[in-house]
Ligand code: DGL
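First, one chain by itself: the form predicted alone, in structure tokens.
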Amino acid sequence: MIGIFDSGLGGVTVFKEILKTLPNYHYIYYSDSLNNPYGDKSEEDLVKITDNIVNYLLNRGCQIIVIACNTASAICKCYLRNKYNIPIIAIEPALKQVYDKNTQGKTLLLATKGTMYSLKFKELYKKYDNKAIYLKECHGLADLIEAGLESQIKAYLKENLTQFKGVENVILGCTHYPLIQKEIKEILGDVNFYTGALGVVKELKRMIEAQKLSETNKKIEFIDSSKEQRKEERFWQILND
């Protein structure tokens, strides 16, 4: 059994990529919308929150856990990996992908405050900075996406991204952001998008082989910490879109 968690429904964008390559496993997707957003929480609070989620998923029988949230990955992955004797895969912004494919291209990286100010992100950025990367902290954007507020999302993007017209690449450093690629293109034009999802899929495949996890009949369980029915409805809508 494989556990995947996020602060809400953003991690579904990662889960969809996982299912394309690794469909025949038992998955539990944990949406922690009760504690959403993660991006503005203190390190201490976020460690406690994610620790409780991992503990829950372990008690459910998960053998591998995927942190499908850039903020939680950046802040909590070292603590969680040190505490639990289980493979924990953590997503990270796709700076390496851009560096490998378009080393000199002008790039805009969108992320939450929690991700952008974390030590892990600063180390990653320093490693792949080509002096043509613009960083944009998108305070509140993930909340708008989680709530599905389309008109407010468009207004937010117009106000905050118009100044970056002319970039070639956009790194979506929050798993909610791939849900609004169309809206971002309306502001920035035909940019290239990069996410950390493919890196997660590659690492998960490697871990499954190392753990010798057997394929089963495909099974997906959805759990939301707020227990709101509309969350599950939107989960399946996004997953099957």
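Not measured: the values here are computed from a predicted model. Sequential numbering from 1, following the sequence displayed.
One more form of this protein exists, namely the form predicted together with D-glutamic acid; it is left out here, but the text below deals with it.
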Looking at 204-212, 172-180, 50-58, 186-194, which stretch has residues with any non-hydrogen atom within 4.5 Å of D-glutamic acid in the predicted bound form?
172-180
Would you classify A142 as touching D-glutamic acid in the predicted bound form, given a 4.5 Å non-hydrogen atom cut-off?
yes
Taking only heavy atoms into account, state which residues of 31-47 are within 4.5 Å of D-glutamic acid in the predicted bound form, ordered by sequence.
N36, P37, Y38, G39
